[in-house]
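First comes one chain, alone, set out as structure tokens in the form predicted on its own.
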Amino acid sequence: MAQKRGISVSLFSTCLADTFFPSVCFATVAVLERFGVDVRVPLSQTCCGQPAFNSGNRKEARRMAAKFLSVFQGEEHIVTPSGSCAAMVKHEYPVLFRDEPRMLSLAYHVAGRVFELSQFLVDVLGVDDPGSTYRGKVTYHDSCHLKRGLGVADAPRTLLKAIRGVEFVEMEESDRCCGFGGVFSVKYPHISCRMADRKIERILETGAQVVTSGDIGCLMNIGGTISRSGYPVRAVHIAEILAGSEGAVP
């Protein structure tokens, strides 16, 4: 189990985790501290602006992005339990500030310090054994932003396969969208529901007791459909599995 001492991290908790699933934030901190990381939680942080950006409200998105950059600009590393929010900061902030040289420079500076949790553990800390225990058969859903946006697919699998008690099984079409897509699921609910149904079919085919991912939005969408249908599967964020906790995203 790799240990890296003296590394400082600021936690970007995200709106969904902070508001609905704080257990994911606590699990993220617990995992990072297990590897000797000093974790700070800036209390002045707010939304990264992704909902506004995806809705076409660039003015509001810029305002929120500027706040994020102000809060996190001096941090050594910024870690978040969300591939979606990390992708927003890394890829869309430069778009928002492309006509503002000073802010554009700051956006690139901060973007280079932002990591999704599994990405940080494997690529920065060199972790190949999370040192945790979690019982059950687990399958993994690749969120669109984490795999396509950040190119992160191997890191979460490396960690999950090393957890004692986990029987990891791949699902077919693991990187097919679950239908959440933030405002997409609100604007096009019928399409979103059909996409979620297909995703759950693939999950059920694995016989897994737990489906996990690096994005709470996906797990809310998948878990909500599972809950309404009464299927014997739980949707659990990867941070909670890595922490060895039992909190499930309903």
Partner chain sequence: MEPRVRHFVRNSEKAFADRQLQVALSRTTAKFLENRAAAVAEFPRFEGARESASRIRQEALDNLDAHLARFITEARKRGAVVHAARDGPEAREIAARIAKEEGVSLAVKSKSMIAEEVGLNGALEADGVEVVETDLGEYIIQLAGEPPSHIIAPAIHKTREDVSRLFEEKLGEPYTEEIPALTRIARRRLRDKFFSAQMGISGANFLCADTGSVVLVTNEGNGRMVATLPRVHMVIAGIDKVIPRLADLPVLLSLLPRSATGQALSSYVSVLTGTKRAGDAEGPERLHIILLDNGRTGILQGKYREILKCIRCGACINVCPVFQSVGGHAYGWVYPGPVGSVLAPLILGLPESSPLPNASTLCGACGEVCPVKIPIPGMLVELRGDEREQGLKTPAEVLGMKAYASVMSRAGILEAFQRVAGVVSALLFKERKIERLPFAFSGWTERRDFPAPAPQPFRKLWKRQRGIRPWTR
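Residue numbers count along the first chain shown, from 1. The structure presented is a predicted model; accordingly, all values stated were derived computationally and were not measured.
Not on display, but discussed next: the form predicted together with its partner chain.
Pick from L204, V29, A66, V210: which has a non-hydrogen atom within 4.5 Å of its partner chain in the predicted bound form?
Checking each option against its partner chain in the predicted bound form, the one that comes within 4.5 Å is V29.
Just to confirm, L11 within 4.5 Å of its partner chain in the predicted bound form by heavy atoms?
Within the cut-off, so yes.
My question is simply whether P130 lines the interface with its partner chain in the predicted bound form - judged by any non-hydrogen atom within 4.5 Å.
Although its partner chain is absent here, P130 would stay clear of it in the predicted bound form, with no heavy atoms inside 4.5 Å.
Given that its partner chain is not shown alongside this chain, does F180 nevertheless sit within 4.5 Å of it in the predicted bound form, heavy atom to heavy atom?
F180 belongs to the contact set for its partner chain.
Any non-hydrogen atom of P189 within 4.5 angstroms of its partner chain in the predicted bound form
It does: once its partner chain is placed as it appears in the predicted bound form, P189 has a heavy atom within 4.5 Å of it.
Using a 4.5 Å heavy atom cut-off, are G36, T158 and K161 all in contact with its partner chain in the predicted bound form?
Spot residues vs its partner chain: no contact at all.
Residues within 4.5 Å of its partner chain in the predicted bound form, restricted to 98 to 120 and counted by heavy atom
Contacting residue: only R98.
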